[in-house]
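Take a look at this one chain, the form predicted alone, written out in C-alpha cells.
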Amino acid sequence: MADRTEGPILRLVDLFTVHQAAVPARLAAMSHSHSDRDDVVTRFAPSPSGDLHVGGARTALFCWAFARGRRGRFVLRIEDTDRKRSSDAAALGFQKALRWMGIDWDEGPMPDGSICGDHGPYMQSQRLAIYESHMERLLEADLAYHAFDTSEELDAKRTAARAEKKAYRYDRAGLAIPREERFSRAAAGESHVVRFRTPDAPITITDEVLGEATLPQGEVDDFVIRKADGFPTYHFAVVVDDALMNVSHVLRAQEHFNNTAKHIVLQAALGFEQPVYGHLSLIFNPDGSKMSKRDKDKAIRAAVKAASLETPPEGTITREAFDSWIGDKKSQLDHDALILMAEALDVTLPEINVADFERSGYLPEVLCNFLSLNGWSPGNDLEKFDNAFLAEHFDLTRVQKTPARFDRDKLLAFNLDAIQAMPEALFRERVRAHGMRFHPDFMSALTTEQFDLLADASRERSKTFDDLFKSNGWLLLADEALTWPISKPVRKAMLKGEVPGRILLEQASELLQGVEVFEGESLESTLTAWAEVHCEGNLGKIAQPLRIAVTGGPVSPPIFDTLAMLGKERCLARIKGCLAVMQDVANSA
C-alpha cells in the first residue's frame, strides 16, 4: 500500500514546501502595497445557526473596512452545510443585521432573494457539485481517501487515548483497506467519510496579527473533509470557496487559528494560492468571561435563584420544561422562553447579538464605532469616528492580539452623546421608526402631535431610543389602571412637609380645571404664577406631586409636557384617583 501512495504524498509535501517558501516573500510584498492594491478581496462567511453575534459583526466590519479602504471587494458567503443547525431565516437575519450596521457587500445573497457577483452561488448548500469535483481530484490522486470507521470504533480509540493520557490522532486505519476496495465500497453506498491525508511534515502558519507559528509533524492528523451525509466539512468548503471567489485576505476570529494549518495543506494539495491570514482577538465581558449567547440564560438562572423559585412564573414555560432546565445546568432556554421569563421576572437580558442592540435602541453607527475599538485603535487617543473613517484608516498593524473587553457603560455613554447631539427633527424621525418597528401598540395609542411632544421632551435624557418607550408606559395605561406605589420618594413628596404635597395637589387640581388652553406654555405660565403664591415660588413643591399623580411615579418628562400629553380630562381623573389613595395612606399612618 505504501508504494501506491508514496508518490502522490511526496508530491504533496514538495508542493507544500515550495508553497510555504513563497509565503514570506508574498506577505512582504503585500505588506508594502496594501494602500494601493486594487485586487484585495475579503469575505464574511457566517454559519446561519442563530442571530448575528457582535463578535461576528465586528469581524464583518473589519473585513468590510479592509476591502473598502483598498478599493477592493467584500464578499458575503453563507456557510450552511450543517443542515441540522442552519436556517434560511437566520441567513436572512444576518443580511438585515449587516445592512442595519451600514455594511454592504459586492458579492453574495441579497435580502430580496437575488444575488450579486460572478462567483456564486453564495450559499454553500448550493455549491455541492463544485465541492464534489474538487473532492474527486484529491481522491483520484490518493491525497484523500474513503474511511469506513464506525462511531463506536472511533469512540473506543478516543477512550483508549484518554486512558493513556495522550491526544487522540486518527491512526489511518482507512488506508489499511486496499484502494480498489475503498472506491468499490463507497460506490456501493456504504456509509463512510472522506479524510485528507495530511503531509508528514511540520506546518507553518504566518499570520498578519499573531505572527508565525509552526505546528510539529503529526499535530494535524488526517482530518475529515466530507461527512457521512455527503456534505463537505467546514475545512474543505472554505478552502474551495475562498480560492474560487479570489479571496486575498482572510480575517477571522482567533479560535480559527489552528484550523488554518488544515487549510494551508488543502490549498497546497489543490494548487490554490494561499490568502493572507489575520486572526482577530475574541470579545470578552468585563469580568473576563467569553461574551456568549449563554449569558442570557445565566441572567435568568440568577434571577430564579435570587427569587428562590421552585415553579416557573405563570404564563412562561411548563413545569416539566422548568424542572428539566433547572436540573441540567448545561441546557439553555430558547429565545421565546427567555423573553417570557425575563418579562415575568423583570430582568433585562444582556445584549449579545446585533438584533439585541437594535431592539434596545442603540444607533447602528455608534455600535460600529464601539465595536471597532474592541480590538483595534486608530491611535492618537481618537475614539469617535464613523464607518467612512474606519474604512480609510483600518489596517492590521493596529489590531490587538489580546481579548477585547466589552464595556457596556462606555457603549451607553457613546449612544447618549450621539442622541444628545442629534437635531430634534432627526431624533423624532429615528425614534418614531424605532417605535413603529418594536412598539407598534405604543405608537398607535398616541397622535402625531403627542408623540412629537414626547420625543422632544425625552431626547436629552434618552440613552437609547428604547428609553422613551420603557419609561413612558404611563401614557398607555387606562386612567383607572394607574397605581401609586408608596415608595420613599412618593411618601416624601405627598405626605411630608409643613403643607403635604397631597394638600397642594388638591388645590392645584381646582386650578387645572379652569385652564382652557391645556398645552405646555399655558400650563407653565399658570402653574408658575400659582406656585409663587402657594409654594413660596418653589415650583418643585407642586410639580412632583403632579408628576406622581398623573404618571404613578416620580420620574417623567418635564411636568408641563407631561400634563399636555395626557390632556385635561385624563389628568384630572388621575389626580382624583391619586388623592383618594393618599388620603387612605394618611388616615392609616
Ligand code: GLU
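Don't overthink the numbering: it's just position in the shown sequence, from 1. Please read these numbers as outputs of a predicted model, since none were measured by experiment.
Although not depicted, the form predicted in complex with ligand GLU is the subject of the following passage.
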property: Interface stretch in the model of the complex with ligand GLU - options 558-566, 516-524, 531-539, 46-54, non-hydrogen atom within 4.5 Å; result: 46-54
property: Ligand GLU in the model of the complex reached by all of E79, R252 and H256, non-hydrogen atom within 4.5 Å; result: yes
property: Residue (of Y234, W484, F427, F406) lying close to ligand GLU in the model of the complex, criterion heavy atoms within 4.5 Å; result: Y234
property: Of L280, V238, L266, L371, the one that lies within 4.5 Å of ligand GLU in the model of the complex (heavy atoms); result: V238
